[in-house]
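Single chain ahead, by itself, as structure tokens, in the form predicted on its own.
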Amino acid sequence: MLVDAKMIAVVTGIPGTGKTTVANKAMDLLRKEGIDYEMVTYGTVMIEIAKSKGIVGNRDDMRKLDSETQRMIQELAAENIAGMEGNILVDTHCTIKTPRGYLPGLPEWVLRKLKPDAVILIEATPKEISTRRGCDKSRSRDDESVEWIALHQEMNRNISAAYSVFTGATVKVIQNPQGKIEEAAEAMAEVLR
């Protein structure tokens, strides 16, 4: 079955869940059925906009911007993505862990412009995530306990429910246990069909 109307879906998951791997496999499955998605990383769109306006020179400069400028760039990124042709899979953070608490990755002003149809959370057990992070030497990640990983995933679920309230988007939680990538990808493809 082909998607008749444009779909915007958000995929998220804390580092170590296998989000990108699941998303890529799901898109491969859909391509074989004639359904195409473009994966867009929200943060990359923000940086491209900020660079084009001469606001930042690199990714690290983004963190130094005042909140009003950040908000403007977030809104422009949402408008940019919403205006793209075809089916879009937005790769972003559901929540951002800060010293003061968790921030929504997609604040209300972004959601109202982006208007996603679905929010997909990729999860794994906190112990699996901890193990995966420990084995991934290509990244520099915060050392979090299994309990903090569980809390972060719980916060993502809660924030996703709030996203749904603002947009009417469905929320799907997909488990990605070790060795079950095909099942997780099929579950994601089902949402995107």
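In case it trips you up, residue 1 is the first one in the sequence shown, and so on. Fair warning: this is a prediction, and the values are worked out from it, not measured in the lab.
There is another form of this protein, the form predicted together with another copy of the chain, and it is not shown here; the text below is about that form.
Checklist entry - Quick one: is Val173 in contact with another copy of the chain in the model of the complex, heavy atoms, 4.5 Å cut-off? => result Contact with another copy of the chain, yes.
Item to check | Proximity of Gly86 to another copy of the chain in the model of the complex, heavy atoms at 4.5 Å | outcome: Output for Gly86 is no: heavy atoms all beyond 4.5 Å of another copy of the chain.
Checklist entry - Taking heavy atoms only, is Met39 within 4.5 angstroms of another copy of the chain in the model of the complex? => result No, Met39 stays farther than 4.5 Å from another copy of the chain in the model of the complex.
Checklist entry - Can Glu79 be called a contact residue for another copy of the chain in the model of the complex at 4.5 Å between heavy atoms? => result No, Glu79 is distant from the partner.
Checklist entry - When you measure heavy atoms, are Asn24, Ile47 and Gln178 every one within 4.5 angstroms of another copy of the chain in the model of the complex? => result Negative, none of the three is within 4.5 Å.
Checklist entry - Tell me which of 148-156, 24-32, 126-134, 39-47 has residues with heavy atoms within 4.5 angstroms of another copy of the chain in the model of the complex? => result Comparing against another copy of the chain in the model of the complex, the contact stretch is 148-156.
Next on the checklist: Going through 85-121, which residues have a heavy atom within 4.5 Å of another copy of the chain in the model of the complex? Please give them in sequence order.
Outcome noted: Heavy-atom contacts within 4.5 Å come from Thr98, Pro99, Arg100, Gly101, Tyr102, Leu103, Pro104, Leu106, Pro107, Glu108, Trp109, Leu111, Arg112.
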